[in-house]
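Below, in structure tokens: the form predicted on its own, a single chain.
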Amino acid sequence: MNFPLTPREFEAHLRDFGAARYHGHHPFHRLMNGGDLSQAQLQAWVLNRFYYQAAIPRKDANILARSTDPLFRRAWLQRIIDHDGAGDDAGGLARWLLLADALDLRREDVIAHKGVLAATRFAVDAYVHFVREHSLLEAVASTLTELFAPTIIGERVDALLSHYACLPMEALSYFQNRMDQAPRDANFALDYVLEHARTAEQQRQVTEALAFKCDVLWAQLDALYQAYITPGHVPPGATQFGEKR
């Protein structure tokens, strides 16, 4: 890719680049969408994914603290509220726990991240470290995976309702809320990146930040696939899930 690109060209590049590397293509997601996961494998996903969900407000707080622009901070603060909740809205983390409840996971174990895969911890912690240590532009760019979230969320809700009878509609409220939140967040981040990434070096940094975030999401699914699907080697310290009761 010959940078710098015009804003329109750069947007097209980011959309194509991210779509090709997004974790919706992972075999674990294909199994989920096809109804081919056991309840135990779904439990493993929900438990490990919560470690990522719980890190999102901390990631966003780091980004918030980096900005000197009150308007930016005001807009970005909504991301933390969406996950942690405010007023009568319990927030996204609480809604994710409804999914855990529906799968008969012990809520206290999920909140405490008990039995989470080491690879999950390493990948998620690396993401929080990335947004803390890199430039604000790169940190914002790393969130651009949300450009592709609505498609995968829609597919996920349809698949979970169609194939997994143990999951009632109310257990999927996290995903339903993200259908509106993710496009809003992605559009804000995209506008910021297109405004601030004008040089060749800045556009390379943005592309690399998006690649890193795609790798973070993909690595989490790699760990789940290896531990709970094939070859099925659950590492020491991680939860050994039983079959559906």
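Bear in mind that the values here come from a model prediction, so they are computed numbers and not experimental data. In case it trips you up, residue 1 is the first one in the sequence shown, and so on.
Below: the form predicted together with another copy of the chain, not depicted.
Contact between residue 70 and another copy of the chain in the predicted bound form is not found at the 4.5 Å heavy atom cutoff.
Put simply, residue 27 is close to another copy of the chain in the predicted bound form: some heavy atom of it is within 4.5 Å. Heavy atoms of residue 55 never reach within 4.5 Å of another copy of the chain in the predicted bound form, leaving it off the interface. In the predicted bound form, residue 123 approaches another copy of the chain with a heavy atom inside 4.5 Å. Contact with another copy of the chain in the predicted bound form, judged as any non-hydrogen atom within 4.5 angstroms, is confined among 136 to 144, 87 to 95, 115 to 123, 74 to 82 to 115 to 123. Three-residue candidate spot 212, 219 and 237; every residue lies within 4.5 angstroms of another copy of the chain in the predicted bound form by at least one non-hydrogen atom.
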